[in-house]
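What follows is one chain in structure tokens, specifically the form predicted on its own.
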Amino acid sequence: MSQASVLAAARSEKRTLLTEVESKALLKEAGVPVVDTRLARTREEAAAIAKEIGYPVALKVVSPDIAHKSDIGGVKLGLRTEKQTAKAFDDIMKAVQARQPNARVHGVAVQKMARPGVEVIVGLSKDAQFGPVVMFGLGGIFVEVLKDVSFRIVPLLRRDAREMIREIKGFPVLQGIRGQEAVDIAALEDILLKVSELAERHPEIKELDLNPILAYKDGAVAVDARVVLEGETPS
């Protein structure tokens, strides 16, 4: 699934919200590391994909009409067998039917559970005066409660990405505290630069959220992704 085909499909269906599978395809082609995520349209497909990519896996409903999948029971984590995976597919479909019966459902996204890491978040939004703006912060309570984030206007230089990461109050967490390993700061800088480049190449992207990104001592990977397009392609 190429960036061109993802954007063309959304335009043809007059959609502005890309599915998680589409969002990750867009980001992967842009060079942003994402967890391998595949679309399953049936319980049998879900079980077969899970077996191929290896357990444990996570299942998430894929729908252009559902932005917050967890809120309606559209996410199942830590599935370790074919039986669990097939049942989770059925449970997600029942939950969506009960909570949001008019939503268009493409199936479920099957992805391998990522190993634990330090959660960070990268976002993109548009400021009415300055245009695309990239955001960085730690995940969890750091972003939800403390609003410990930094911003820069697109396009970003390596220097900007370096400063964004180091100026948040939680930066010592990334350096490693209380025996924890330091994470790969250069990998996070690369992701910020790739998101900035993507925003430059595709002005039709209105919003983008990579939340969470799991940072490790040897890289980083986006576990969840959401992309929103402009209603009309800017000139």
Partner chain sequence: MIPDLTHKLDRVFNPKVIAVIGDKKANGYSWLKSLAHFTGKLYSVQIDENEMPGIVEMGVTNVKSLMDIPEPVDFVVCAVPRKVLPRVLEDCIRKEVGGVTAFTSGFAETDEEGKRMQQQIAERANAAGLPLIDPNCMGIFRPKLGIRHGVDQYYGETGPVGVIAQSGGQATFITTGARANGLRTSKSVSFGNAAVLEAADFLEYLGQDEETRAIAMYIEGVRDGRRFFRTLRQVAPRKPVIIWRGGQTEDGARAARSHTGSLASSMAIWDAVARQCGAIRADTLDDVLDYLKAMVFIKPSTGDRVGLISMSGGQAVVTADAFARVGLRVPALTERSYAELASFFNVIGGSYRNPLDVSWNFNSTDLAQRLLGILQADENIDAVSMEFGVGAMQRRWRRDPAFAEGLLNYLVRYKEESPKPFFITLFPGKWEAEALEIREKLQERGIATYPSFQRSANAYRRLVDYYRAHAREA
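Numbering follows the first chain given and starts at 1. Values in this document were obtained by computation on a predicted structure and should not be read as measured data.
Separately, the form predicted in complex with the partner chain exists; it is not shown, and the next lines address it.
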- Task: Consider the chain as shown here, without its partner, and state which of His106, Lys76, Arg152, Lys87 has a heavy atom within 4.5 Å of the partner chain in the predicted complex.
- Result: Arg152
- Candidate from Ile165, Val133, Ala114, Ala95 lying within 4.5 Å of the partner chain in the predicted complex - any heavy atom: Val133
- Message: The chain here is shown without the partner chain. Which stretch in 154-162, 87-95, 68-76, 106-114 comes within 4.5 angstroms of it in the predicted complex, by heavy atom distance?
- Response: 154-162
- Message: Using a 4.5 angstroms cut-off on non-hydrogen atoms, would Gln129 count as touching the partner chain in the predicted complex?
- Response: yes
